[in-house]
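Only one chain comes next, encoded as structure tokens, the form predicted alone.
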């Protein structure tokens, strides 16, 4: 036995032996991470085999670089490469835990814009066992330091190192061949990063994503006016006529967009211990003057809130990787709601956000969209206990926003972004008066508590609007921007939904978010039309009677009678009244059962898939190529970002001047008497 052990240790003491040991340990930990930290959905023997084997080719390639160097340097390089590779796994584990997706260069490029408050979230989602990805490095270092494994000083023949490099590429091509045979068009048709990682691996995903990022930059440089032809042709073919019963019914009214952070549809009418989580929003949802949509889906990807804003105000999809607002918000040309309403109907536009203006690059993007005012953190008083997580608590945010709202010249378009119902759903005890759920999931259980707090803040805001005289002359839009509970919390989701377990179909339905439009005198009701965030802008413009037949919008009016009810998800999946397609599986939307499609059904589903793929691709083409710089709708003037400043002093001077000249603000209408905002926020008592 001693001789056997000695012979094996002698083999490991060679350069090749140490290299192979490093590869095996790295392979093992990567595969363990695949199985325990990611939901990749590997099905069948081919997918399982590829998932098992895919860490090897890239590992041979990157670790093999060290074999071209001599002596100790080769060992140090293997350790450094291992640290970098392990950190890449570690970062993706944390990101995936919260966002059900993998890191992209688009996200990392914009990290300075979106990372201001991520420290607390990272602390919440990081577990001690996550550092398992570094354990092989610790083991190898100990073995080297204690001389259990000795450094081989002998030169390693370059032809052997080159052979390993060639082998790695050969294995990659073989792996891709198997993957493409199982999933045709893997790198050309998929919108889901899970597929790339499942079939090819984390390193190959990183390389492909880097290629995509470079391609995006090149796309803009090579784009020209003729590229708009296919976009305009598609939009002309898919444009729908507005519903005459609703068109222009709310003409000239103010518009409030209430952004309900991380708020999902299941919360409407949901009870915990017999108590309604959101009693005010429930009444608002069921009000006879509220148009409520119970089949309305979030369609965001990695951009989360920024994707929702992009769709809501531009009717353009977010990107498959990264955030369009972060990457393209500063340089691109847009035809967004603030600019359209300002130019077409004389609206004042303002956004309200109780955090730093750079978050999601809002301070630059909002100028590109034509926002005249942006009230961010510098406009709000900050004291200890006023903020939590990503900014001001909602009650304090609404209370402090009121003094600016009453100064806005009417009609105005105002978007207020709430924040308290944001992961990690923390709320201090003095603001918590609602029971948590009891799923046992520490992320999920406090979600209803912050949602209840948001509901209370919304109730106070509605009371203020009535008191200040804005309620009857305003359209109030309330919508959930994206999911609050990611698909990684399946056991907890099953408990919330009263099921033993949830299927992929259930998770697709879990992506519903509320969308409500309220106005005094509006003929309301719960509409069962299928739609998503891409449809908000055309719906709102039609209600306001603002002509928008020439603008580039990929959504359709939710109230139109002949609209297409196929709702595209960013990864290429879709849902419709009849069929729901998740990956390669098609479900009956009404029953949730998996369908074995007939030839006729396959044809219909293929047509729907083609529609989804086309609209996503064309929308991406508009953003990547900045195509709107080449297109000017009739009567629309390109936004000049230099017209706007969001600094406190000039903005307040501009508001004061508007009070004197336009005399349409609520403050002027109330004889320059400020309306007191009532809130039970304990921090303000």
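Computed from a predicted model, the values in this text were never measured in an experiment. Positions refer to the first chain, counted from 1.
This protein has a second form, the form predicted in complex with (2R)-2,3-dihydroxypropyl phosphate (GP9), left out of what is shown; the following refers to that one.
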Touches (2R)-2,3-dihydroxypropyl phosphate (GP9) in the predicted complex: residue 303 (any heavy atom, 4.5 Å): yes
Partner contact for residue 455 in the predicted complex: (2R)-2,3-dihydroxypropyl phosphate (GP9), 4.5 angstroms, heavy atom: no
Distance check, residue 328 to (2R)-2,3-dihydroxypropyl phosphate (GP9) in the predicted complex, heavy atom within 4.5 Å: no
is_contact(residue 518, (2R)-2,3-dihydroxypropyl phosphate (GP9)) in the predicted complex, heavy atom dist at most 4.5 Å: no
Contact assignment for (2R)-2,3-dihydroxypropyl phosphate (GP9) in the predicted complex, among 461, 285, 413, 390, heavy atom within 4.5 Å: 390
In the predicted complex, the one of 359, 334, 373, 205 near (2R)-2,3-dihydroxypropyl phosphate (GP9) [non-hydrogen atom within 4.5 angstroms]: 359
Listed range touching (2R)-2,3-dihydroxypropyl phosphate (GP9), judged in the predicted complex by heavy atoms within 4.5 Å, from 445-453, 171-179, 417-425, 243-251: 417-425
Members of 666-684 lying within 4.5 angstroms of (2R)-2,3-dihydroxypropyl phosphate (GP9), judged by heavy atom, in the predicted complex: none
